[in-house]
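Here's a solo chain for you in structure tokens, the form predicted alone.
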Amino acid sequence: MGDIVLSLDRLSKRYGALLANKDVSLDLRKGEIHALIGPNGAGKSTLVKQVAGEIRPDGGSIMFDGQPINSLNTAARARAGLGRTFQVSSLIPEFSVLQNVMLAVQAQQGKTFRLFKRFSNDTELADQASGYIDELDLQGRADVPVSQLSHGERRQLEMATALALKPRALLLDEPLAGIGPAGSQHMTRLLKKLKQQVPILLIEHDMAAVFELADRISVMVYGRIITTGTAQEIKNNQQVQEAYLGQEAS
């Protein structure tokens, strides 16, 4: 149990007559990518929003780093080290790649926002930010405004800013969406490398990437987890084939 970073126990969420999640239990362990897959409308995003603190579950508990977090809001969960990205972008389009990551480094250090000129000239902050930029393969793009980045580069930058906050776990909702085959391959390589630093709960529809990346996969159908296993176990599971993978292949 000591390697479990995030644990969900019987989470449930209802919207009127719609049961979005029903008794969902899963965990995320150090050094792994745990993928959550399922058809559109299965309840995956609702689950992630509960974990992130955007919505409150109607039942069940969430433990993070050994502590209950049901009562914490989104900001408090982020401060505790629960990172989330690829939702509504928090990047500042007018700022450069470097400046955006510098802001994240500054926030992680608990410093208040300083005058822009002083902030931009902080070499120590810039050096730390440059390390995250290099790690996400954005070398040579540090001075480029976010507004001029490609979609894939923005995804990489969002990951760099998330890492600059030094999370203990990352929630990623479709990080490969809309970036094309070459971009998907690049992001897959980056995620393989990053899971050694921070465990990742991944929602993704690209099954080739999921099967390559995930140490474990949980399959959600109609708000429930129907099975959890390795990529090979999921591929060979008849129930999964009928409920989901058969749709992807058709």
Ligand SMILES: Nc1ncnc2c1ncn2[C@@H]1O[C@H](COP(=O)(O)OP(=O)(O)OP(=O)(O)O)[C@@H](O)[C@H]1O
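On a predicted model such as this, the values are computed, not experimentally measured, just so you know. The numbering used is simple: start at 1 and walk along the sequence shown.
One more form of this protein exists, namely the form predicted in complex with the named molecule; it is left out here, but the text below deals with it.
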TODO: Heavy atom within 4.5 Å of the named molecule in the model of the complex: which of His205, Arg56, Lys30, Lys192 fits that? Just give me the one.
DONE: His205
Open item on the list: Please tell me which of Val219, Ala214, Ile200, Ala42 lies within 4.5 Å of the named molecule in the model of the complex, judged by heavy atoms.
Closed with: Ala42
Task: Any non-hydrogen atom of Asp137 within 4.5 angstroms of the named molecule in the model of the complex - done: no
Open item on the list: in the model of the complex, does Glu174 come within 4.5 Å of the named molecule, counting heavy atoms only?
Closed with: yes
Task: 4.5 Å heavy atom contact, Thr46 and the named molecule in the model of the complex - done: yes
Open item on the list: Under a 4.5 Å heavy atom criterion, is Ala20 part of the interface with the named molecule in the model of the complex?
Closed with: yes
- [ ] Choose from 62-70, 206-214, 34-42, 182-190 the stretch whose residues reach within 4.5 Å of the named molecule in the model of the complex, heavy atoms counted.
- [x] 34-42
